[in-house]
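We begin with a single chain expressed as structure tokens, specifically the form predicted on its own.
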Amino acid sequence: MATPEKRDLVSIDDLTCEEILELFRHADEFREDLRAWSNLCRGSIMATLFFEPSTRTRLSFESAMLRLGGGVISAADSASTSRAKGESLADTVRVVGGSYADLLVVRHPEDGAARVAARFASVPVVNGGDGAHEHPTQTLCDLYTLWKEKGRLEGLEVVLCGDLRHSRTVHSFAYALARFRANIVTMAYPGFEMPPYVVERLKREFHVQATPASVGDLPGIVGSGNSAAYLTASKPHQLALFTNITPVHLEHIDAIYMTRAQRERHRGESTEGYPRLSGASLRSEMLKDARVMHPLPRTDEISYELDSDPRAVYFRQAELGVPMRMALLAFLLGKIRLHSPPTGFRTVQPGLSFARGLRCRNDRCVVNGEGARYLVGDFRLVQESPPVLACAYCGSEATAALIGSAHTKVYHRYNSAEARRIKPENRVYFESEEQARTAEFRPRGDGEPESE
């Protein structure tokens, strides 16, 4: 009997929309009586490897596993692990994912670290948050909360507010909302806008279009220098919006997703005037049925007076994290089955790997951090002409101006006939001639043989 393929949850893309909705229904079953499932995962062990602080994510995972009847081993302080001695993440997960545990939950400060863990571990890996990259299980909890509150996801108007550049929860949530054809309003604190690679991917893969937005009077958010943008899945009757300079005017909002300033990933930027939701913010008619969401922890961006407002659901988000994670763990451990076919789930496999050539420009990426010792550049070609490549670890994108041949060490303009003749397996991509020459490639001279 063939061994089932290992499934990881590194990105929210690793689950199809149909699988996500099935997991919601399983979470509903678990939530009916959290104590009724203590035999489902008996004998299984989960390891939580947290190299960055956490309260809710780690404890909700551990609670979920214990309620399923499994065991938990934990490394909750990186200072007390062998990382303090210089051990690589790859070696750690190979050891812990051997006879120690049947599933790993990993949190790490570097973007793309969860992808490294998934590649080197022999057991399923769940991303508990990797740098400013993604936090897919938080997204499952967020989607589950929104689904239960509103009864649907498609067509909802959701505001993402605050630090959209560094918040990994926002990035995963935006991808998922786009897949479910919800509409997104971004209201970033100035300078903390959504990363360009996130916006480009939303446009390229999910056909999301962007246009200015007008959201009326929202005290504490609008009027503090925060500009709004409307991101929506393009439909024929909407296309006229994108050629009109007039901003899209929203008359209602279904949810506001607030985020704190991610100070642990800032570089000394001021956050004076950071948006803050208060009772006055919610008096707007467009927010009468909105839900206020937050991945927690909060600092000053949501007033405590809102805690008693029935529209505030951030503590319910945290509560729903346990049954949601119970469903996920039971699925990844093979204890429950999903009937939706996994066809098309987008787990990133090794793509274009080369020790020389294009480099990930994200200095927070694991390949430029602890992985510099043992990882080489690994990219996915996401656009042919001009060549756009995405780092297989953190997703950051770069455009290549030149293509070289690993066989001849000669480079050409990406759109030249010579470049097109280079076999895909021999191609090495460069952003500039300087980068190519540093890698000891040279331009084609007269009389040289054509590249292969």
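From 1 onward, residues are counted along the sequence shown. Small disclaimer: the values here were computed from a predicted structure and weren't measured.
This next part talks about the form predicted together with a small molecule, which is not shown.
- Although the partner is absent from this view, Arg56 contacts the small molecule in the predicted bound form, with a non-hydrogen atom inside 4.5 angstroms.
- The shortest heavy atom separation between Arg115 and the small molecule in the predicted bound form exceeds 4.5 Å.
- Although the partner is absent from this view, Pro323 stays clear of the small molecule in the predicted bound form, with no non-hydrogen atom inside 4.5 angstroms.
- Within 4.5 Å of any heavy atom of the small molecule in the predicted bound form lies no heavy atom of Arg311.
- Stretch 162 to 170 is the answer when you ask which of 362 to 370, 162 to 170, 88 to 96, 284 to 292 has residues with heavy atoms within 4.5 Å of the small molecule in the predicted bound form.
- Interface residue among Gln262, Gln209, Thr271, Ser340 relative to the small molecule in the predicted bound form, by the heavy atom within 4.5 Å criterion: Gln262.
- This chain lacks the partner; the member of Leu296, Val199, Ile336, Val248 within 4.5 angstroms of the small molecule in the predicted bound form by a non-hydrogen atom is Leu296.
- Residues Arg107, His135 and Gln138 are all found to lie within 4.5 Å of the small molecule in the predicted bound form, as judged by heavy atom distances.
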